[in-house]
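The chain below stands alone and is given in structure tokens; this is the form predicted alone.
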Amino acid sequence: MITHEEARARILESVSKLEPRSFDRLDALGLVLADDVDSNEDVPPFANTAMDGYAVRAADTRGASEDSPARLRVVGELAAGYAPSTAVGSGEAIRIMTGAPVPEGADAIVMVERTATDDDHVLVMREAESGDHIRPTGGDLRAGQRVFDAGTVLGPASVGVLASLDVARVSAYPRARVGVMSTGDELVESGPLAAGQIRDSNRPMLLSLVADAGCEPVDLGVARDDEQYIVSTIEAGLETCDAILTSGGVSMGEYDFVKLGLRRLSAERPGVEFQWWQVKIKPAKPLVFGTLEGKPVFGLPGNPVSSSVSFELFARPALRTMMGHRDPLRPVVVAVADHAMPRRADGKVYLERVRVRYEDGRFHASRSGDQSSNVLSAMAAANGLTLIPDGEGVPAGGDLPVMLLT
């Protein structure tokens, strides 16, 4: 038996980051930067107005009020996208639109809401201060400034920053291509079920979990209970994939063909070694892991909840590590147990499916449904997994460690 922390640590030690590639900035959304990005210019490149209004000399508005407005002659109008051609002199103002360059001579912008027109003059109803509503040159970024460190995950705003700097391409770690295969003669894709058959829920679920982790899922289909077919499918998948996930066939039974196939690969190929672990958790006790041609292969258990839990604990962190994420683990919080969560002392960590909410300054958690390892609906309703340590459980109102799934 092995703890889930030890199993995960061994897995993370066995995987490496994928080779960085050059990406168009739009294609890099959600990816992790492999190199630093520095600003090559000032942003904004010129001082501009943050408001519609009038560009003025602040000194010309001293003492201005609604009862005694400052009266300035309007000498021009300036829209965004145009260079100023007229300077602001003493006692003058220029009508200006948001984003337009601040004309020479002006040191403040008066909001249009604080003005009134009087023929070719503007009445300023409030005193302005130098710098009012002016965005300075380089107020966002300065040329040569570090913008993003290597290891930064690019979000939508990050892509916008790259566009503002005219950075068309970046070096980033690619999305891992992950092949997903279900195994079992009892599985059918869709349609009517014959006696003894069930529909394959694991593969669609795992493909979705892979996509949700930021990877590129690759459907390897359903493999029948045939050792050679399973081995051939894994080998073919590794030609184009960076990792392989299988579900089912990894326990202790005579018909666990994934286990048999991977053992054969271990025996036939030098340097290939798979680990058959019994992990001290409930559910998701059986786990197979190894690397083939330097690529990780995960044998996840066949019960749907067990397969999902095993993915969250072991496969997801490994895949995120491969894609350059600094912290590949889901966050863990301490929640208040809304009800008692008893358990028996058996040396395992219990991963119960729970609904977590934030209320009155604390997280609270309650079971999301039946905790049987085949009840996928309770997993679908959950947004957290408990990490109840060995012992008698957690009483109502007690501290409950929970791994958040969203």
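Nothing here was measured: the structure is a model prediction, and the numbers come from that model. In case it trips you up, residue 1 is the first one in the sequence shown, and so on.
If you look for the form predicted in complex with a small molecule, you will not find it shown, but the lines that follow are about it.
Contact check for T49, D132 and G139: none of the three has a heavy atom within 4.5 Å of the small molecule in the model of the complex. Annotated contact segment (heavy atom within 4.5 Å of the small molecule in the model of the complex): 191-199, selected among 191-199, 269-277, 320-328, 172-180. Just one of G290, P304, P103, G214 comes within 4.5 Å of the small molecule in the model of the complex, counting any heavy atom, and that one is P304. Out of the listed residues D107, D242, D256, E227, D256 is the one that sits within 4.5 Å of the small molecule in the model of the complex by at least one heavy atom.
The closest heavy atom approach of G248 to the small molecule in the model of the complex falls within 4.5 Å. When contacts are judged by a 4.5 Å heavy atom cut-off, L154 does not count as touching the small molecule in the model of the complex. Interface membership of E235, defined by any non-hydrogen atom within 4.5 Å of the small molecule in the model of the complex, is ruled out. Using a 4.5 angstroms threshold between heavy atoms, D149 stays clear of the small molecule in the model of the complex.
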